[in-house]
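Take a look at this single chain in structure tokens; it is the form predicted on its own.
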Amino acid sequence: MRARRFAFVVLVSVALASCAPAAGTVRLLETGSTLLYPLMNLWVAAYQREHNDIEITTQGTGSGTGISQAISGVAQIGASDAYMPDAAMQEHPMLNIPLAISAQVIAYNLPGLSGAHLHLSGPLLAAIYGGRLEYWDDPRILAANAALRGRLPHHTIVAVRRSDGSGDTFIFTQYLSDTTPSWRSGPGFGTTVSWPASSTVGANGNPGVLQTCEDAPYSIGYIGISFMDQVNGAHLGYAALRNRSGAYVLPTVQAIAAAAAALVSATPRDERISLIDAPGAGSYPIINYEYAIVSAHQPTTQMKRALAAFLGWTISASGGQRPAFLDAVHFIALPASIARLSRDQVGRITSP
């Protein structure tokens, strides 16, 4: 009996040991962008299968939280759809490292019309979110959508926005600012803005905006393209947006790639750049780099090595840039020249 009990204890001890992290395990926290979150989960699961000496926790908390927690040192990776502006960089110099290229869709819940692609523009969206365009059958919307004349309802538009600090808000309001002078001088752009219309509805994260739009007929909202499958699954429509050339373009892989290619050569060494409203008739106007916001100085050599190795893998053509990962969330890979800049930035991470 004693022998059996001893054997049972040994088996339990072995099982518990196999579940516990190895003694030399390095733990990293990634938090922030809900747009990047689905891809980050795919990356982390694949990476940890091959590297059992690293434990990475992911959290979809919004880009604002990701940036602030990377600055404070709570997180090693602050995931963000937004680069840090000059003023913030002067106070908290951080690395802004692009990991992939994403986009944003303008989704809407129009009963009977969700299968149609409305033509929308920055000025129209600025008027909607500014409270100056209230109904779906407004003549300004009809002017851009002649084929839908008589089909757009005389119903109040429910404008859904992010309630958390959000990179999606950053790039959406950049598009409004770049295309609409009155918005540029009004709320402007940022991860949070003072929305001029009290009638807008706030929702937390991309999942919250998606759910609110699904639940609220006649609503409109901006949603990261990594949720495109859920947008389609909820039977929401999404818009063709007017770009700088005056063309209305859907958020296809080809249109996102065209916009990225137009601005690759303009990307600076520190890679902080807006990709909004890129030139070219085929360019989709709301695209962006997905950033890892990282401190250049890590507290230990082990932390620095683990962080640099993981980030290096995410931007490698044989690692995180493989189509198997990016296609699943409708992202596109970094162009070779941008991947080199990102590798250079990863190489700047130091330790004592």
Partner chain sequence: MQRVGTQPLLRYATGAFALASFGLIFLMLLFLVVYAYPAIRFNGTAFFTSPIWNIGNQYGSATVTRAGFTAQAGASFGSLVFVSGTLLSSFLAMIVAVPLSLLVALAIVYRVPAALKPLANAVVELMAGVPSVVYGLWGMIVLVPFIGNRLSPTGNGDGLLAAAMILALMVVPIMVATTRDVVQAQQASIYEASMALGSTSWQAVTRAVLPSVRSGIAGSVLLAFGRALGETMAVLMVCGAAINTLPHGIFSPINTIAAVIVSQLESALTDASGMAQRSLGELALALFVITLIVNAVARIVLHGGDRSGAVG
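Here, rigid core means the biggest group of C-alpha atoms that superpose within 1.5 Å across both forms. Numbering follows the first chain given and starts at 1. Predicted model, so just to flag it, every value in this text is computed and none were measured.
The same protein also exists as the form predicted together with its partner chain; that form is not shown, yet it is the one meant from here on.
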**Message:** Counting only non-hydrogen atoms and a 4.5 Å threshold, tell me whether G64, V193 and N204 all contact its partner chain in the predicted bound form.
**Reply:** yes
**Prompt:** What stretch, of 116-124, 231-239, 76-84, 260-268, brings heavy atoms to within 4.5 Å of its partner chain in the predicted bound form?
**Reply:** 76-84
**Fill in**
Partner-free chain; cross-checking its partner chain in the predicted bound form, the single residue of T314, S283, S295, S68 with a heavy atom within 4.5 Å is S68
**Message:** Is it the case that E134, even though its partner is missing from this view, gets within 4.5 Å of its partner chain in the predicted bound form, heavy atoms only?
**Reply:** no
**Asked** Contact between G130 and its partner chain in the predicted bound form at 4.5 Å, heavy atoms?
**Response** no
**Asked** Closest heavy atom of Q104 to its partner chain in the predicted bound form, within 4.5 Å or not?
**Response** no
**Asked** Using heavy atoms and a 4.5 Å limit, would one call D164 a contact residue for its partner chain in the predicted bound form?
**Response** yes
**Item:** Any residue of 317-334 that, in the predicted bound form, places a heavy atom within 4.5 Å of its partner chain
**Value:** none
**Asked** Does G62 show a Cα shift reaching 2 Å between this form and the one not shown after rigid-core superposition?
**Response** yes
**Request:** Compare the position of the CA of S283 between this form and the one not shown after a rigid core fit and state whether the shift reaches 2 Å.
**Result:** no
**Prompt:** Once everything's superposed on the core, is E91 shifted 2 Å or more at the Cα between this form and the one not shown?
**Reply:** yes
